[in-house]
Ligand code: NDP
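Quick setup: one chain, the form predicted on its own, written in structure tokens, and binding and motion questions come after.
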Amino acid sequence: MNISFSAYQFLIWIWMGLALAVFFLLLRINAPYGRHSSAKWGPTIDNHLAWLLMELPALVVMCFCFIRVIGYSTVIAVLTGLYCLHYINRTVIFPFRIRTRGKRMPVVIMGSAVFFNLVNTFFLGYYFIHFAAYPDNYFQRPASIAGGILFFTGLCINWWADNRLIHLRMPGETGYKIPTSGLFNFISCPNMMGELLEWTGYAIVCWNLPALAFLVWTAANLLPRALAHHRWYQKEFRDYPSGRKAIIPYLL
């Protein structure tokens, strides 16, 4: 059964309202995975497997959408392809590169990420299949070009920062060190800044409500996470650079 456009938009506005509530919740409670992991949140699962399982739904759902639309819209095929590019890395590359042997993630966190990815990807995919109507020259618009540049800039920053963090550990190590060089000299979490830039660019390129909702949810998760990481660094390392911000150079 198809959803009317008005009902579809209404559901997305509710979804974004929930993101706002989650944002304020995460400012008070650190999501218990990674360096903030806690056994108080119930059963846990291997960290590598958790990353694979929680990112896989986004890739599978959008790949299905890609197959549905590639035959009739080059523009939509490119937009779904950009989304898949991010999640190919997150699903089949990143989990096998991180050096977190022995670390575990609460199943409830993995489950919430699965739900987040399914809902956001469904909203985007449903729009592409049922409502999208992009002209053939869509990518010639200045906004599309600017959004594309921002997307790939953020993607490159995110991948570079992840790679830098991964190689802070020697094989077999599980501890934490102070990252340095590049954007790490200005902020604690350039990987998260890069992801925010990436999805801001994506929202500009897509120019639709579900892409905006995805950006809102990304910010609701990453901004509190970056602030928590920054506080953690300051607490754990007495020599942590005092001039660094959390996620936006010189500001936040």
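The structure displayed is predicted, hence computed values, not measured ones. Numbering starts at 1 and follows the sequence shown.
Missing here is the form predicted together with the named molecule; even so, the following discussion is about that form.
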{"query": "Per-stretch contact check against the named molecule in the predicted bound form, the hit in 89 to 97, 124 to 132, 73 to 81, 138 to 146 (non-hydrogen atom, 4.5 angstroms)", "finding": "89 to 97"}
{"query": "Heavy atom of Tyr176 within 4.5 Å of the named molecule in the predicted bound form", "finding": "yes"}
{"query": "4.5 Å heavy atom contact, Leu222 to the named molecule in the predicted bound form", "finding": "yes"}
{"query": "Partner contact for Phe66 in the predicted bound form: the named molecule, 4.5 angstroms, heavy atom", "finding": "no"}
{"query": "Distance check, Leu53 to the named molecule in the predicted bound form, heavy atom within 4.5 Å", "finding": "no"}
{"query": "Interface residue in the predicted bound form among Met192, Ile204, Ala213, Ile187, criterion: non-hydrogen atom within 4.5 angstroms of the named molecule", "finding": "Met192"}
{"query": "Contact residue in the predicted bound form, chosen from Val107, Leu165, Leu85, Val114 - any heavy atom within 4.5 Å of the named molecule", "finding": "Leu165"}
